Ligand code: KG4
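Presented below, as structure tokens, is a lone chain in the form predicted on its own.
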């Protein structure tokens, strides 16, 4: 990993799924400083479908990318000539979405003669924590949890991730989305379930955690979705009652408690096994209020330094890509690079 540059201005671009985002980050000796952040959401477009429609997402990114880049540079109060580097998500993600900012960034880098670097999306999520915890002690356990990922990594520094475990089926964020859809609460599911759970006077009956033959504290969320579906089938009024209904609120609270508890269960043992000094939680589900509160209690009990980015930096954003890109070596031949929907770490 290269040493910090005293001052480097990086334009970061992210469009791996349904958010088109650009940010300008100033890398300093003390860590990254956010100069601007622009994010165009597509929630209204995908909401009626209850999830992201790849074709619609890709087309919308093409309409958004130029304005998003221009606005990020303008908000930072700089010109394109002031940029020292352009960083962009190379993968993984929806390939049509990835290509929007990937292609635009290469064109801009070629036009302006700016060094360019492709960034792994998950390294971006790790580096989102650098804005609030630039001096985080390593090694660190890194819980990356979103609609597409539920992975636990060991990081020896800001540019390395070693996979320790991942969900055996669905991601935690998908469980939030599908549960909200079954309850007709709206999309995306995470924020609406969180808001509904916080108004509950009490939780509904708890969900049974998954058990595995090997006895490990692993993850599975497909059964949780089925359990929500069965409760709605037994009590059909839940699907029409709305967020103001006490039974819906209690169900959301139980769902949220289950997901938070299950996500954090493997952390203490793995922290001890690998000598971890810190815990980083990032990704869209890291916005969840119950998970953030439970993680603070766990970290204090286990003696871990906790780093969770502020909510706007947990969801997909250009700032995290810029922060990661500042620590990576620029590509010597960016023009032959391509987006990779299944990009592996280290590739």
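Every value quoted in this text rests on a predicted model; they were computed, and no experiment measured them. Numbering follows the first chain given and starts at 1.
What follows is about the form predicted together with the named molecule, which we do not show.
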Check your understanding: Of 314, 279, 57, 68, which residue is found within 4.5 angstroms of the named molecule in the predicted complex when only non-hydrogen atoms are counted?
Key -> 314
Revision key, fill the gap. None of 53, 287, 299, 34 but one has a heavy atom within 4.5 Å of the named molecule in the predicted complex; the exception is 287
Review point. Closest heavy atom of residue 191 to the named molecule in the predicted complex, within 4.5 Å or not?
Key: yes
Review point. Is residue 115 one of the residues lying within 4.5 Å of the named molecule in the predicted complex, judged by heavy atom distances?
Key: no
Check your understanding: Would residue 124 count as touching the named molecule in the predicted complex under a 4.5 Å heavy atom rule?
Key -> no
Practice item. Tell me, yes or no, whether residue 148 is in contact with the named molecule in the predicted complex, where a contact means a heavy atom of each within 4.5 Å. Key: yes
Check your understanding: Can all three of 219, 266 and 268 be found with a heavy atom no more than 4.5 Å from the named molecule in the predicted complex?
Key -> no
Exercise for review: Given that the partner is absent here, state which listed stretch (60-68, 302-310, 23-31, 287-295) has heavy atoms within 4.5 Å of the named molecule in the predicted complex.
Suggested key: 287-295
